[in-house]
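The data below hold one chain only, encoded as structure tokens and taken in the form predicted on its own.
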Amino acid sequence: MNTAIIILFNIFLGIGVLVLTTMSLAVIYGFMRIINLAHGEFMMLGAYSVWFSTSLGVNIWIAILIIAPLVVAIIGVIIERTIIRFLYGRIIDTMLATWGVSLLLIGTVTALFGNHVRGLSTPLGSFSIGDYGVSYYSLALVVISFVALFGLWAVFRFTRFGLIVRATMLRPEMAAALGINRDRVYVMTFALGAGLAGLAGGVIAPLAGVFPSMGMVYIIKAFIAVLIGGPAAITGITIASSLLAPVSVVGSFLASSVVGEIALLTLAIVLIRLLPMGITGRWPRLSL
């Protein structure tokens, strides 16, 4: 019984982590159609923001929930204004540019802070389920991920900002004719996506540690989830995460982490083969 509870808990934790790491891509790729290969490095910057802030005495929750997304959102604005704004509609060029940004960020952080892992103590303590120890912070991560996901959905579904973003990305010429400042919408949307990546990195940092290449651990799964999710960005990542994470967790528990990764990739290949337009591509009404 305890084993089943632990597996179920780890499944929810896996879904939470995957949701956190894909929300940024749901905005930047799902709405803006930009393949951001610096996504993992945005997460890394969020993690370093938490580590640096807490080393200066800032409360860890303020660092995670406020400082990390804010710092990375500001960096996102700078990158969008200096690089990305000239490359809209040029997918290959944006891939190369964001790959260059990725290398630049890794190199800069490595030069400033070194290449070793920096740990963060997890707040809230832990509890036991039979012979297994479970961190309360893991529960907090699951809650944060689903609250953030619901908040993102609510913003794009019910707010004026969300309506303007969706309209601008769908019909940019019509939006401009109606007096909407497209440049402002683009930079705000990119900043939102970057901030979500910073939030993900900040939330994951106490569990995974902080090091310059940490984003590479998550970026492949995040892109797979977005591709499998399909055109309805937010709904898509929710469904994809709910399918991929349990397979990975169960495979890892029954055999090893390698088997879990192989099982996840196998499921991803099957789903992409059966549903080349993604899961939500089969249901046009799922527009968000």
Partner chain sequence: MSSTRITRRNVLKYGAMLGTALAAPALIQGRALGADPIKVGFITDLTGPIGASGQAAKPGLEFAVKRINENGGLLGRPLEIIAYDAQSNIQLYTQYAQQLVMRDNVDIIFGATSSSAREAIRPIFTRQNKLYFYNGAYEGGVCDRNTFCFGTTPGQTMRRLVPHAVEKWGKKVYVLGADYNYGQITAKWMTKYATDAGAEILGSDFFPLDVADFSSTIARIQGAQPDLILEVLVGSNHLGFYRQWEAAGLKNSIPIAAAAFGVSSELLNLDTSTTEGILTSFGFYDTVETETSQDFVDAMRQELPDSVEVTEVGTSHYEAVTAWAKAVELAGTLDRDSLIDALESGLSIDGPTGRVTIDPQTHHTVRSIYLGQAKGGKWDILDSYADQPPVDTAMVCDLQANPDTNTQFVIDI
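Quick caveat, the model's predicted, so the values are computed rather than measured. Positions refer to the first chain, counted from 1.
The form predicted together with the partner chain exists for this protein as well; it is not shown, and the discussion that follows is about that form.
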item: Segment assignment from 71-79, 120-128, 151-159, 176-184: heavy atom within 4.5 Å of the partner chain in the predicted complex; value: 120-128
item: V217, I83, M95, L139 - the one with a heavy atom within 4.5 Å of the partner chain in the predicted complex; value: V217
item: Of W99, F146, Y88, Y132, the one that lies within 4.5 Å of the partner chain in the predicted complex (heavy atoms); value: Y132
item: L13 within 4.5 Å of the partner chain in the predicted complex, heavy atoms; value: yes
item: Distance check, S252 to the partner chain in the predicted complex, heavy atom within 4.5 Å; value: yes
item: Heavy atom of I6 within 4.5 Å of the partner chain in the predicted complex; value: yes
item: 4.5 Å heavy atom contact, H116 and the partner chain in the predicted complex; value: yes
item: Stretch 207-244: residues contacting the partner chain in the predicted complex, 4.5 Å heavy atom cut-off; value: L207, A208, G209, F211, V217, Y218
